[in-house]
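Form predicted alone, single chain, as structure tokens, below.
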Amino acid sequence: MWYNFSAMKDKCGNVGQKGKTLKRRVRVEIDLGALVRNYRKIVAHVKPMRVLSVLKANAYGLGVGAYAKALAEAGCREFGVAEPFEALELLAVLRRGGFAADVQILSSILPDEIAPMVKAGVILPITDIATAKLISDAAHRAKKMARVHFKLDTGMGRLGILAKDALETMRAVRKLPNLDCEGIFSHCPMAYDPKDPFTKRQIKLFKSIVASCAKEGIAFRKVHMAASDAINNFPETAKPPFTMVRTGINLHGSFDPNGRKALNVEPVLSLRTRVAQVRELPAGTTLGYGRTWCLAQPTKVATISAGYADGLPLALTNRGHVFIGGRRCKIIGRISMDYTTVDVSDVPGVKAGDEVVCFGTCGRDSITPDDWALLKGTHAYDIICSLGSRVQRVVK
């Protein structure tokens, strides 16, 4: 007999039949209260700067709808995304909630994307004169003023106007009709290192360009360079001539492991699953693909219902931990796609179906995406964006 599970989903994405609910094995819990507290802490820390919340990639895969609504209710009126479909989805969420807020594309805009974005009122980046002309033409046809920010490449090497061409480009673009050149911004590749001399030179270069603009009577309402790393490590990027900062990862309570933690933010996310089976295995038993772990003595081993398809990095193999029964338990054996084996010798009464906290808080102890990032040699963004599609997103 075949069941139409999609028709039986409840509001949380679980499925059921005849009053019985089949729950997802793995879920990430999102504490919107903690998200809002983090936003307010960032606002207070950089006051009187404006704070732009970056919600690209569907709020890093966690669900832009709930994030945008919570932040807008907390007073956020500046949001950043990477591309047009994200911009339109975010605008729809904000308008349904009755919020008048700015949505800005922070990366690039392609020729065929310009007209719909101008019509929608999305703030667009100017990365070269050719793009500026296309935006101006689209705005003229739509009988609108297009709001734009000059995107300067001061050392990221990815997108934008080269510093040597900045003044000449801005002079030319400002002559084009139907453009409101309200902002100028740049981005730092090394701001996670508070001692990095390259970032210091970037900031100095950017400030010099803004100062040269001012001498020619070119002023901007929005001037921004700091993302989360710079807010923590280069506080001068949250002072004049800057007027705005951008934040993404700090909203989640995470930091780059190499930098300062100037912001007292708290974790927002908790990843949970359940125990699939518990067995007493004899000494000499090897665990998982590659047989990377051999039991030195008889051991109580739990197999938990989450693996790398759910976002557990392979780097946790034989090194990471999870919480079961209120205790920190070591991962033993290679993590596989759907399951992970854990030493539960010190957890009394553990059984199939018991909850497992992969990352999150357990009493006074915690495991965070930052901890996983350190083991993987990456950053928290990579961990959060790697949570699998079958992981249920639960808003608290």
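Sequential numbering from 1, following the sequence displayed. Keep in mind that this is a model prediction, so the values were computed, not measured.
In what follows, reference is made to the form predicted in complex with a small molecule, a form of this protein that is not presented.
Student: Mind checking whether each of 25, 323 and 359 has a heavy atom within 4.5 Å of the small molecule in the predicted bound form?
Tutor: No, the whole trio is out of contact, none within 4.5 Å by any heavy atom.
Student: Among 155, 194, 313, 248, which has any heavy atom within 4.5 Å of the small molecule in the predicted bound form?
Tutor: None of the others qualify; the residue that does is 248.
Student: Identify which of 271, 227, 223, 87 has a heavy atom within 4.5 Å of the small molecule in the predicted bound form; exactly one of them does.
Tutor: Only one listed residue qualifies here, and that residue is 227.
Student: Does any heavy atom of residue 67 come within 4.5 Å of a heavy atom of the small molecule in the predicted bound form?
Tutor: Outside the cut-off, so no.
Student: Is residue 335 near the small molecule? Define near as a heavy atom within 4.5 Å, in the predicted bound form.
Tutor: So residue 335 does not count as contacting the small molecule.
Student: Using a 4.5 Å heavy atom cut-off, state whether residue 54 contacts the small molecule in the predicted bound form.
Tutor: Heavy-atom contact with the small molecule at 4.5 Å: present for residue 54.
Student: Verify the contact flag for residue 106: yes if a non-hydrogen atom of it lies within 4.5 Å of a non-hydrogen atom of the small molecule in the predicted bound form, no if not.
Tutor: Contact with the small molecule, yes.
Student: Counting only heavy atoms and a 4.5 Å cutoff, which of 56 to 64, 338 to 346, 31 to 39, 359 to 367 contacts the small molecule in the predicted bound form?
Tutor: Heavy atoms within 4.5 Å of the small molecule in the predicted bound form occur in 56 to 64.
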